[in-house]
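What follows is a single chain, given as structure tokens, in the form predicted alone.
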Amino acid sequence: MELNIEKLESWSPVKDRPVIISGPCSAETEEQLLETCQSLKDEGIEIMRAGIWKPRTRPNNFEGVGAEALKWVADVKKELNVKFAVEVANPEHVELCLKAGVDILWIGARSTVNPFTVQEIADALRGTDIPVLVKNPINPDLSLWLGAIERINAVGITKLGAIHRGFGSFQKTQFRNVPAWRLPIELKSKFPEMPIFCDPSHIGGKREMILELSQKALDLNYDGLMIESHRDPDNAWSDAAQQVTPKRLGEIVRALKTKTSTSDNSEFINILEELREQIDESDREILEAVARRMSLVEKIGEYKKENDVTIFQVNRMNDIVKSRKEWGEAMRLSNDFVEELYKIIHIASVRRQTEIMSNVSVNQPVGEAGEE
């Protein structure tokens, strides 16, 4: 599906630097919101954010002030001459925000995961031209993320962007939400015209990680950042550990190094082209090696079929992952990368052997058989 999306410059005219959206996780009091936003304005931030409704994982935690805080937002906008972004989770939120003059809406991860919720929000947005940002769903499902974006675009919203806030995981990692950078990169590859923002506050979960994650996002050519900031982070009513003071936010923004996506330097262009040609050559060699491996997998499948042996051999799989990690480590490849790579290869191998067991033609390209 093609998207009809306006360029970021048409609705957020920030030149020569990434767009920064910042403000408290929650609008707690009128004084707290105004003081935080005033300090952010002093640091050069022009687009504020604040949680009005806070869908918490469990009840009895602070879940936001609600519609009353929209009056504070309107006052801050008027007094400081800034724009404001607010999360919406249902049609009523959309209606209230539009009446309050909110400039940008975003759809949170818990909403993106539910197509019914997204469609209700989309229907409420029909006929408006307000910018909408869509956070990735909690689980690492690119189709859900794409589906939410497509639903919003289908009702006529063209000022549309995505927010990468990381993905939930059962594994214990250094992150609050695992970045899984390949998913937003794939999203950007599909729709290069769509602006993408990074939310390092929710990815890291700790204020100490914000600078590093923000720089990583800019290195990947993200268009902007959404960072939580509070006048007194340690005493914030929600997500205290991941918020920074406006002063610290200013330091982070000034420390970021922006890079261009191209260069006019002829020497750079020539060297880059040579290296890319070498990469193309290497990729062909990789695919030839994978093809050789799959032909061996086919022979093993035939042999298993003749001897009534099951396809999946868990011990063999574990041995492969263990030994390949060791090989990869000697080649300066990360264990996570090698493990993920061989999981993909293993799935394709099992699928190919399943075809053989089921007398399905093995001439079908790897990766297509069994797709729904």
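So that there is no doubt, residue numbering starts at 1 and follows the sequence shown. These figures come from a predicted structure and were not determined experimentally.
FYI, the form predicted in complex with phosphoenolpyruvate isn't displayed, but the following is about it.
- Interface membership of residue 135, defined by any non-hydrogen atom within 4.5 Å of phosphoenolpyruvate in the predicted bound form, is confirmed.
- When contacts are judged by a 4.5 Å heavy atom cut-off, residue 25 counts as touching phosphoenolpyruvate in the predicted bound form.
- For the chain shown alone, residue 110 is a contact residue for phosphoenolpyruvate in the predicted bound form, at least one non-hydrogen atom being within 4.5 angstroms.
- Heavy atoms of residue 87 reach within 4.5 Å of phosphoenolpyruvate in the predicted bound form, making it an interface residue.
- Taken together, the three residues 49, 106 and 228 all lie with some non-hydrogen atom within 4.5 angstroms of phosphoenolpyruvate in the predicted bound form.
- This chain is drawn without phosphoenolpyruvate; in the predicted bound form, the residue among 202, 151, 93, 207 with a heavy atom within 4.5 Å of it is 202.
- 54 is the sole member of 304, 41, 325, 54 with a non-hydrogen atom within 4.5 Å of phosphoenolpyruvate in the predicted bound form.
- Residue 165 is the sole member of 158 to 189 found to place a heavy atom within 4.5 Å of phosphoenolpyruvate in the predicted bound form.
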